[in-house]
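A lone chain, given as structure tokens: the form predicted alone.
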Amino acid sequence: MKRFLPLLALLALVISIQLLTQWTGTTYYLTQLTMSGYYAVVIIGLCLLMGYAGQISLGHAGFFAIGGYMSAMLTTRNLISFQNQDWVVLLDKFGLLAARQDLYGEAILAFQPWLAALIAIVLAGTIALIIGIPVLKLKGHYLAMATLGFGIIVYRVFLASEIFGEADGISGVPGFPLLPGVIVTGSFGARVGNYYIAWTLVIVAMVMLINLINSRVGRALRAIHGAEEAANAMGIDTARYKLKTFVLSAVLAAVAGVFLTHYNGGIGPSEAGVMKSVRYVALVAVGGMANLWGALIMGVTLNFLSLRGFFGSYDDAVFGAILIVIMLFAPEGLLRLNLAAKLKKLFSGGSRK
């Protein structure tokens, strides 16, 4: 039970922040905190893959975009012209389609957000499974380059496809009703509710991953990270564990993509860009490769500052620089950096000269 105490502290902090913003009249901060929460789901999923399974991925922005784009396309694609076809009639009969009006008053018949989200998440998981089988046989920079190549392919597909809006992306994405009265939307009146939806998702993901890393599977993953050949010799099916972790991490990214797309009411090709993947890796690195809490804290903090425009036009440069600095001086993460020891070593080394 002790390992879940930080989750209670996180829940208390989430509630306290909301109450504080309401008391101070700064509820506009909740918008960026909500978005940061969704990005945090991607980061902790990638932390599991990199920190525990020892597999680097520079293509996780692709899985995020697959989830977001597929859900957006299915919920905005007008099926009115196909409404007399048997497959559309069948879907409508089972309540899998939703009729509404767009911003211009035009009637739209499209997939229900629940069905669209399910299709998007399953598709992302399936793609991760298909590419993971050959790609995860690679190691080191070969694996990084392979996942980077996947990310670039996804980016170019979304950028060049008319069905996905090309460079403009997809807008007009409807809200995502989770429960009666609970809907993922970016409207002003639902700002507080959506803040809690996002952080509920973060807490659920954290509970799942904490349970995982403290289970037999987690011990196997740590063994693989420590010495894959030795783990394999001990009878651990390293290929299966790595593949399942890769798929789980991709699914978490897709879930975050679905939720954030419905929250923002749209998605653009920048969400699949290479720098997005670099940013995710940088945030995992700065928080600590095998430190879920470190990745969560640093991920939310830096994403919040980025979304508030703190870094200005140097946003991508800052995250690239962060990755370089952390890899050089604090490979175990900023929160595990023993600054006093580093300074002592630096000055003692200088005095010997």
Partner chain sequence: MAALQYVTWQLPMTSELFLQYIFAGLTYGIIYAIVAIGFNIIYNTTGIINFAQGEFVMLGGMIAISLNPLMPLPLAIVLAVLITMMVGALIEIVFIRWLDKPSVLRLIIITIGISILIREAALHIWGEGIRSLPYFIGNEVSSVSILGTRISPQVLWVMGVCTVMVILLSLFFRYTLMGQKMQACAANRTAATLCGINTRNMVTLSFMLSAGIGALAGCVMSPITYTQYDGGTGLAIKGFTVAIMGGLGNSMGAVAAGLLLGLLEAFSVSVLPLAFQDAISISILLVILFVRPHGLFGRRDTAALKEF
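Residue numbers count along the first chain shown, from 1. Only a predicted model underlies this, so the values are computations on that prediction, with no experimental measurement involved.
What comes next is about the form predicted together with its partner chain, which is not displayed.
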Answer for residue 100 alone: is it within 4.5 Å of its partner chain in the predicted complex, judged on heavy atom distances?
no
Within 4.5 Å, heavy atoms only: does residue 95 come near its partner chain in the predicted complex?
no
Is it the case that residue 87, even though its partner is missing from this view, gets within 4.5 Å of its partner chain in the predicted complex, heavy atoms only?
no
Is residue 56 a contact residue for its partner chain in the predicted complex, using a 4.5 Å heavy atom cut-off?
yes
Given that its partner chain is left out here, which of 251, 148, 129, 183 has a heavy atom within 4.5 Å of it in the predicted complex?
148
Find the only residue in 121, 260, 202, 135 having a heavy atom within 4.5 Å of its partner chain in the predicted complex.
135
Non-hydrogen atom within 4.5 Å of its partner chain in the predicted complex for each of 7, 12 and 20:
no
The chain here is shown without its partner chain. Which stretch in 26-34, 295-303, 64-72, 311-319 comes within 4.5 angstroms of it in the predicted complex, by heavy atom distance?
311-319
